[in-house]
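Quick heads-up: it's one chain on its own, the form predicted alone, in structure tokens.
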Amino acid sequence: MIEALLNYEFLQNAFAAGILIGLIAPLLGAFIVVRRLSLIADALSHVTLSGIAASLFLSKTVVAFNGLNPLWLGMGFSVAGSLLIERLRSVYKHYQELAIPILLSGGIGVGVIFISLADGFNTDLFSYLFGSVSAVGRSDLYLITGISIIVLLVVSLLYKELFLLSFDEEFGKASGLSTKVLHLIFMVMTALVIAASMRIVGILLVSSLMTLPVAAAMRLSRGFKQTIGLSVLFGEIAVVVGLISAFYLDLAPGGTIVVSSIIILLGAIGFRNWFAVKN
């Protein structure tokens, strides 16, 4: 494996991108789970699917879109979807959870239309749905690196504000925090991470990398910072094991990464139950 990693650029790209995604996806996922917004990742991933399908369709019909990386349009759709969720949450103030199924169904509907217009599923679209070891190019890696830097900077600079927003939003408002702006920043970051992750994990499975490592960490941690640390650790293990398995077994990495995450989760639950019985 090490020899192949040194010799093949596509493997270098895949593992570098995977390590970055294994860092930022569980990092944001910890805040998402605590805020009970786990389904937002699913909603935005389906909106991203619409953007990818639209890009693949336009590349066949509009000369200006030839050669355009579908990640860009997918990322644009994802960010627009995050802004729309915030708008819908303000419209349905007493039923804010409605924003998620509205966007989820809309994303699927628009995606199906563009997939049909693009003559159905093809190899490119399949790789976006379930991830691909060989599909990550240098331009994808640079984009994922840029998004990772942005996310890490924002989280480090606004950690206290995001922590307060996640655990006690009302107190945050009373303390003078601009919760609307923080909500917006958080949603846009989530959209960017989802768009960045789909090359490795796949659009349909990206939410798993944002929630499963966090679920495992919550069974073992004793505080929020420890939850974040363990989430990132479990995310990195799942990505590395998943990519290696996908390479040797010739499988879509999204599936192997998710199965690795589930095994880690079951192990964490089992260890916690064993420790509770022992004590």
Partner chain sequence: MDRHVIELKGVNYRYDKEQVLSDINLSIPKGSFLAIVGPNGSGKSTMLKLILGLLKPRDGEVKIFGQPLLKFKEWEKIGYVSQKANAFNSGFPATVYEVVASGLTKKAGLFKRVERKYKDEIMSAIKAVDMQDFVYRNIGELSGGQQQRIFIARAIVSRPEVLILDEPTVGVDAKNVQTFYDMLERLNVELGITLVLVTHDTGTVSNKITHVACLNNTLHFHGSAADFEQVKDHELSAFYGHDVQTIHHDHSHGVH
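Note that the structure is a prediction, hence the values are computed from the model and not measured. Residue numbers count along the first chain shown, from 1.
This protein has a second form, the form predicted together with the partner chain, left out of what is shown; the following refers to that one.
Chemist: At 4.5 Å between heavy atoms, is residue 34 in contact with the partner chain in the predicted complex?
Modeler: Yes, contact at 4.5 Å.
Chemist: Wondering, does residue 180 line up within 4.5 Å of the partner chain in the predicted complex on heavy atoms?
Modeler: No, residue 180 is distant from the partner.
Chemist: May I ask you to check whether residue 141 falls inside a 4.5 Å heavy atom distance of the partner chain in the predicted complex?
Modeler: Residue 141 lies outside the contact set for the partner chain.
Chemist: Does residue 218 reach the partner chain in the predicted complex, with heavy atoms at most 4.5 Å apart?
Modeler: Answer yes; at least one heavy atom of residue 218 falls within 4.5 Å of the partner chain in the predicted complex.
Chemist: If contact means any heavy atom within 4.5 Å, which of 66-74, 47-55, 221-229, 244-252 contacts the partner chain in the predicted complex?
Modeler: Residues of 221-229 come within 4.5 Å of the partner.
Chemist: Considering the partner chain in the predicted complex, which of 185, 164, 204, 103 comes within 4.5 Å of it through any heavy atom?
Modeler: The residue from 185, 164, 204, 103 that makes the contact is 164.
Chemist: Which residue among 158, 147, 125, 110 has a heavy atom within 4.5 angstroms of the partner chain in the predicted complex?
Modeler: Of the candidates 158, 147, 125, 110, 158 is the one lying within 4.5 Å of the partner chain in the predicted complex.
Chemist: Report yes if all three of 168, 171 and 175 come within 4.5 Å of the partner chain in the predicted complex by some heavy atom, otherwise no.
Modeler: Yes, all three are in contact.
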